[in-house]
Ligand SMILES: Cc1cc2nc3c(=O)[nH]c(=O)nc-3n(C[C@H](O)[C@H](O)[C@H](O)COP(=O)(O)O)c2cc1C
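One chain comes next, on its own, written out as structure tokens in the form predicted alone.
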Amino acid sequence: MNIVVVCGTNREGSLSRLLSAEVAESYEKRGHTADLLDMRELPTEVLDPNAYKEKGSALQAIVDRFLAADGVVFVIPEYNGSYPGILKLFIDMLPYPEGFDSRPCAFIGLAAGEFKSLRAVEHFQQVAGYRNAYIYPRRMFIGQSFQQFVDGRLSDDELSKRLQAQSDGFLCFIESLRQNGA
């Protein structure tokens, strides 16, 4: 399977990028393709008001990577009680309805505070649900993010186990949808 892992921020040096790389690695270890789609890759043309209708080749290439996914894992940091604006802008660039329609999606929230990005993930799930995504119900939330990484990796064995469990479950979810013709 081809799993696209979306790092939901374009902020330089973000922990979301470290976590996204670890998530992608978890799928590769299981023998699947993992494409880390980092919002830092978005070209500046995404800010052009005409980009909604006339995507340049760089932006179209990123959209095509997303559309090639058998399943998408969103790593969503919490910014001001919601998800980052750059992630919303990217979602707005995806074609309707095929951007999300019947696409399996999983969610991981990451926040510096103790609420673990719950609001951000739930806000984003509303958008994905509105666009008819198949939402994997086992979300993962990580709080106190600055304390959770050592040498660029999750330092807590329990969090690593939860990440593995989510990866395994999401792959089964995708396979189940395929078997049922979804």
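The first residue of the shown sequence is 1; numbering continues from there. All values derive from a computational prediction rather than experimental measurement.
This next part talks about the form predicted together with this ligand, which is not shown.
Checking 111 to 119, 53 to 61, 37 to 45, 150 to 158 against this ligand in the model of the complex, the stretch whose residues place heavy atoms within 4.5 Å of it is 111 to 119. Judged against this ligand in the model of the complex with a 4.5 angstroms heavy atom cut-off, the residues G71, Q164 and S167 are out of contact without exception. In the model of the complex, this ligand lies farther than 4.5 Å from every heavy atom of P95. Using a 4.5 angstroms limit between non-hydrogen atoms, F146 touches this ligand in the model of the complex.
Taking the partner from elsewhere, A24 is found to have every heavy atom lying beyond 4.5 Å of this ligand in the model of the complex. Remark: S102 does not count among the residues lining this ligand in the model of the complex, judged by a heavy atom distance of 4.5 Å or less. Along 56 to 88, a non-hydrogen atom within 4.5 Å of this ligand in the model of the complex is carried by P77, E78, Y79, N80, G81, in order along the sequence.
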